[in-house]
Each structure stands twice: as C-alpha cells, then as structure tokens.
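One chain comes next, on its own, written out as structure tokens in the form predicted alone.
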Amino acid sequence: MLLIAVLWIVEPGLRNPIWASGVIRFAVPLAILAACQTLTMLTGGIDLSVAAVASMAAYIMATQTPAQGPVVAVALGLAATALAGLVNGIGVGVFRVHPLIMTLGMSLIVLGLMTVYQLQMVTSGSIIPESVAWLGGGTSFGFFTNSLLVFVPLAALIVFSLRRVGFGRLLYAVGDNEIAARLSGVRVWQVLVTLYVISGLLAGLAGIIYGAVTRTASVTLVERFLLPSVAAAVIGGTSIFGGRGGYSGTIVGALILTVLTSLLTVLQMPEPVRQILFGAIILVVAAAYTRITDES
C-alpha cells in the first residue's frame, strides 16, 4: 500500500481502474513465472532457465501460428517447454547436477537453439493469435483483466496442491531433509523430474501470456523477469534453503514488484538500476530470513 501511495503522489493521474488493470496484466505472467521459483525453492533448488524457456514458448507460438494455427502453435510451444523441464529434471534428479548449474546451462542451451531457430524462421513472420491476445493481454468491461480467467484457477490449484495433495507435501519433505525423505521411501528423483517438468510448463504459460500482453515475441522476450521471479518468491516468504514457504505470499510479492516497477518507470529509472534493486531485494530478504531462521 505504501508503494501505491507513493506512486499516486508522484503521478496522480494513475488513480483509476485502467491503471489497476494494467498492473494486474503485467503481474500475472510474473506471478506464474515466480511459481516456478517457489516450487523449486521448496526442494532447495532454483530454476534459472524459466526466462529463456518462457521466451521460447512465446516465440515458437508466434512463429508457428501462421502455418499451424493458434491451437497447434500453443501446443508446440508448451511441448518444447515440457521437454526443457524434463531435461532439467533428469539432470537434477537422476544425475544429481546442482539445480543452479543445470538450469543455468539449460538457459544458455535454449537461448542458443532459439537463436538458430530465429534465423531459420526469419522469412516466415510471427503473429500473436487474437484469441491468445484477448485471453492473455485483453480486458473486459473496461477494467477486468482477462488473464485472471487463467491465473485464478491456476493459483488456486497450486495453493491447494501444496497444502492438500501428496505431491505438494513431498516437495516440502525433500526440501526439509532429502536424506530423510529418501530413507522413508520417497523416490526423490521422480519428484524432482515431475517438479521441473511442471516448472517448464508454467514458464511456457507465463511466456505465452506475456507475449499476449506485449503483442510481440522474441528469443529474449522474458529475460528481464528472471530476477523479479526469484525476488517475488523470496519476498513472499519462500526459503531459498528449501522446506518453507508457499505460493500465496509469492503472489503478493509479484504484485509488490509490479507496482515497484511501475513507480521506477514513472521515475524514469533505467533497466540496470531496476536489476540492481531487484538483486538487492533478494540479498536483503534472504539475509534477514537466514538470521531469523538461525535465531529460532
């Protein structure tokens, strides 16, 4: 609320439903991308490939739409993200590669593959399907953000699954004590493979929605959301050490960062300053959480 108050003082013209709808429109893809970080952090991991994977989904959708139609194009984009998540999951869960190294490497691989793909598709053009643009980036009745039709059920499913479904409890168990979870009969590698496939699909959905919001697609479309996605999860109370946190707080964190971004835009702060600020937020909140955890 303090950020909103400051923003309204700096720019009084933003006190209207259209501005609020715009904030939600940009917060939705960030919140979905932050869900990837929340779920992986619960196991003590992280997914640094989400921005590249999200950009890949949006770009594949846009370039395949002219030839294949919107439904097949969206399916191809999500299939590619599921494959990337599967590779991440196998690397982390089966071959025991550290999540940071595995997902960072996957990010570079995806970016390289998409650069090659971009050169091959340079003459085909790209289109954001009207149906996707309406659902992901449109508004109804002048104020209702259509992407909430996707986000609200998805967020409810994630929150419910973490609290009430066995797979959600397994994420907490693996993050809290992986050795104990394995000794109790949990097939940790299967949990991790499933987790990173889900993370890939969520990243793909976030990329498609963000492509609909911006009405464009590129191989680096969502790159600027990587640090904010981590920051949203950390601000929301998810521990980077695993075993603690939840998605409800992450949604609040995504809203806070979106309003903060809006304020920085009004103040005409350049992108490097924003990245420094998001990085500082992660460091400060993580340090504070570590201190609180050690004292308890």
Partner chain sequence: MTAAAGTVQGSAPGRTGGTVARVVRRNAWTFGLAALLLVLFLVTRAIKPTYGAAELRSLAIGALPIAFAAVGQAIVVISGGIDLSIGSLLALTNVTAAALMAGGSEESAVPVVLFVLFLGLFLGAVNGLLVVASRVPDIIVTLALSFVWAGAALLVLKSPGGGTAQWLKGLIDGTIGSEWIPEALVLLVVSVALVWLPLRRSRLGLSMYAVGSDRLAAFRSGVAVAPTKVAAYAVTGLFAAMGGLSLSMSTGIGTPVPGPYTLLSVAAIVLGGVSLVGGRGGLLGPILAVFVLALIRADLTFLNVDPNFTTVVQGVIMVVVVMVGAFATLRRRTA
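A quick note: this is a predicted structure, and the numbers were derived from the prediction, not measured. If you superpose the two forms and keep the largest set of C-alpha atoms that fall within 1.5 Å, you have the rigid core. Positions refer to the first chain, counted from 1.
Form predicted in complex with its partner chain: not shown, discussed below.
In plain terms, the part of the chain that comes close to its partner chain in the predicted complex, with a heavy atom within 4.5 Å, is 101 to 109 out of 144 to 152, 101 to 109, 130 to 138, 207 to 215. Of the listed positions (V71, V116, L83, A156), a single one reaches within 4.5 angstroms of its partner chain by any non-hydrogen atom in the predicted complex, namely V116.
Under a 4.5 angstroms non-hydrogen atom cutoff, its partner chain in the predicted complex has V97 among its neighbouring residues.
Residue contact check for I235: none of its heavy atoms lie within 4.5 Å of its partner chain in the predicted complex. Its partner chain is not shown here, but in the predicted complex it comes within 4.5 Å of a heavy atom of I282.
Contact annotation: A62 falls outside 4.5 Å of its partner chain in the predicted complex, judged by heavy atom distances. Shown here without its partner chain, the chain has L227, I240, F241 in 224 to 249 lying with a heavy atom within 4.5 Å of that partner in the predicted complex. The rigid-core alignment places the CA of M269 2 Å or more apart between this form and the one not shown.
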